[in-house]
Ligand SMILES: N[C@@H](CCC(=O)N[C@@H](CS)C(=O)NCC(=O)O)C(=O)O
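In the form predicted alone, a lone chain appears below as structure tokens.
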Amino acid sequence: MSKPPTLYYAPDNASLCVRLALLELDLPFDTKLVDRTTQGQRDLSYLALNPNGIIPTLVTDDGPIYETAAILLWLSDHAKGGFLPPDMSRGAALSWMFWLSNTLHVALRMWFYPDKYISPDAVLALNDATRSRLADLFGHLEVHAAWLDSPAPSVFSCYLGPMARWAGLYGPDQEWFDLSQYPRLTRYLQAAETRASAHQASRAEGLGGTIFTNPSKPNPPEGSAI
């Protein structure tokens, strides 16, 4: 990269995953707040970068990149030595990366924004179904993700840590997610949140102490999480 990329972000949004990766890779970067209190993600200047009107966007020498998984994979491809989990084939890593993106993240979005997916009279039924679906997905992760046993940072830790955080903070029911049911995941997140990248991200976005295993609502120095 000939010049530092610019991360368009909002506190405790999916841009947190990208911030963590940039910090973990020790890459210089600039940030630009997308103010959700004024619907900054719908501003014409932001839509010119990301026509989907969602956060994040990373502006790079390759142009603007959006979609969290795409940005993380782009960073991994441009990092010295890569940033995928060690001792994992690229095929297996891509499979899990797209599972995190297309399966777990999508289910969480349905949990946070049910009205975007279904008519108002069916929201309660969707919430019940999504709660059950998410429990199954975290159970699947606990059983099948062998990479949880490796504390090494990677695009996975940068993506999964925030998603586990949000599961216990946002949505119609904040009490449903019990991390203690998933001991492998708990150990993985404990390792991730002790890293310097997590502390730096927490200071930048006002996330508190144990940001993944015992999260609290953010108190950001600028902008709003919702």
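Numbers follow the displayed sequence, beginning with 1. None of the values given here were measured: they were computed from a predicted structure.
The protein also exists as the form predicted together with the ligand; that form is not presented, and the subsequent description refers to it.
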**Item:** Triple contact flag Arg36, Arg109 and Tyr113 to the ligand in the model of the complex, non-hydrogen atom at 4.5 angstroms
**Value:** yes
**Message:** Would you classify Gly53 as touching the ligand in the model of the complex, given a 4.5 Å non-hydrogen atom cut-off?
**Reply:** yes
**Asked** Any of the heavy atoms of Asn13 lying within 4.5 Å of the ligand in the model of the complex?
**Response** yes
**Prompt:** Does Glu67 reach the ligand in the model of the complex if we count a contact as any heavy atom within 4.5 Å?
**Reply:** yes
**Prompt:** Quick one: does Phe177 come within 4.5 Å of the ligand in the model of the complex, counting heavy atoms only?
**Reply:** no
**Complete:** The stretch from 76-84, 101-109, 129-137, 147-155 that lies within 4.5 Å of the ligand in the model of the complex, judged by heavy atoms, is 101-109
**Contacts with the ligand in the model of the complex, stretch 29-45 (heavy atom within 4.5 Å)** = Arg36, Gln41, Arg42
